[in-house]
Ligand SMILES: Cc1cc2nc3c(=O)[nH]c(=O)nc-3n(C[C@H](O)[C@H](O)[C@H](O)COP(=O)(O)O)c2cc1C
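In the form predicted alone, a lone chain appears below as structure tokens.
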């Protein structure tokens, strides 16, 4: 997942202030609901966001731009050539995923413009780029820089140079606000409101104090690193969260350290917050700082602050049923939360395709999954084990069940993938494209029926 932790906390604070601001400024126009490609726009705010940070920023800024009409907010995949032809200005809010990669909801946009020759197709257009990234990665803000280059190649005119934000770089965000003020897109009052919100970093409504209530090893004897199920009880009222959301934890509860992010494996109806944490091993053989603390050193008497980050990009679309859940390793956490949420909503008949190592030691949460199969909550449970007499991976199960998958997707299912970014995710994407067709996969991604939480 993207390492934009402090930005996520900032956006939560911005949400509170902007809600008040928008209530007071009821004359601010709503984003146009016209059909993209037919409606003309004075301003488009386009976002590409794997974890929801850039999307939240785009919507917050849309509520703060006075007198610019008509305006709309769109994911980049919906920002077609036709939309750009009918738009005067575009503000790009884009995160970089991994080493310079596009988030899922920006892939189609990038591929389209990368395949266009330099023909000055957008000479009428003005644009600006807010690039979110993490300087720990070699290609810092790589996707944001790529967007600027692609627009320049088509003759679009930059309003100012791309603004690069390294995690919680408030100076970069201040520069972005200043530039928008200079171009008369953002009023001084709105800029001041945003600046005031930055002072509230950390006062997140999703923050709470928790105590460890249970810690259980899930894969005793596995050839892989130990995998634990951790349950936490809240010291006060339960915060609200949805399946797909993220828990942010600081090692040893030390706020000066870089937080770690974990997919939440439960929903509030469960009464606890659960995580699935694998004991990480660093290159020198030593255990990971946060994972070793959580899986071994943390006691039940210690109080732990956990922040919950909304991850809209991995929320289920309620109208798309059933779910086809695909993952491996600790990715079972994000998939489990969706199964719990669907169970609470009395929506059944889902698929789970899951990969691990040993069939003898890695039947993770077997009792729960088997029970759901018996009741019909899980219609199909497919498990692949890479270290067995017949080694297989999740992508192999996708290929061998391609006909059934095509039928379920044709009837409205959505696909959700959670787990390893480097190994599993690209292999699963390729297998799905082979099984369903690349056009279908593009349609699923554009309409929100193909969502991923990969790291």
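Between two forms, the rigid core is defined as the largest C-alpha subset superposing within 1.5 Å. Just so you know, these numbers come straight off a predicted model, no measurement behind them. Numbering follows the first chain given and starts at 1.
Not pictured, yet referred to below: the form predicted together with the named molecule.
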Site check 54, 98 and 140: each within 4.5 Å of the named molecule in the predicted bound form by heavy atom: yes
Answer range among 148-156, 125-133, 275-283, 181-189 for contact with the named molecule, defined in the predicted bound form as heavy atoms within 4.5 Å: 125-133
Contact of residue 245 with the named molecule in the predicted bound form (heavy atom, 4.5 Å): no
4.5 Å heavy atom contact, residue 261 to the named molecule in the predicted bound form: yes
Contact test in the predicted bound form: residue 309 vs the named molecule, heavy atoms, 4.5 Å: yes
Rigid core superposed: residue 419 CA moves 2 Å or more between the shown form and the other one: no
Large Cα move at residue 358 between the shown form and the other one, threshold 2 Å, rigid core: no
Residue 138 C-alpha shift between the shown form and the other one of 2 Å or more, rigid core reference: yes
Direction of Cα pair change residue 258-residue 137 in the predicted bound form, magnitude 3 angstroms or more: closer
Residue 100 and residue 439, C-alpha gap in the predicted bound form relative to this structure (3 Å or more): farther
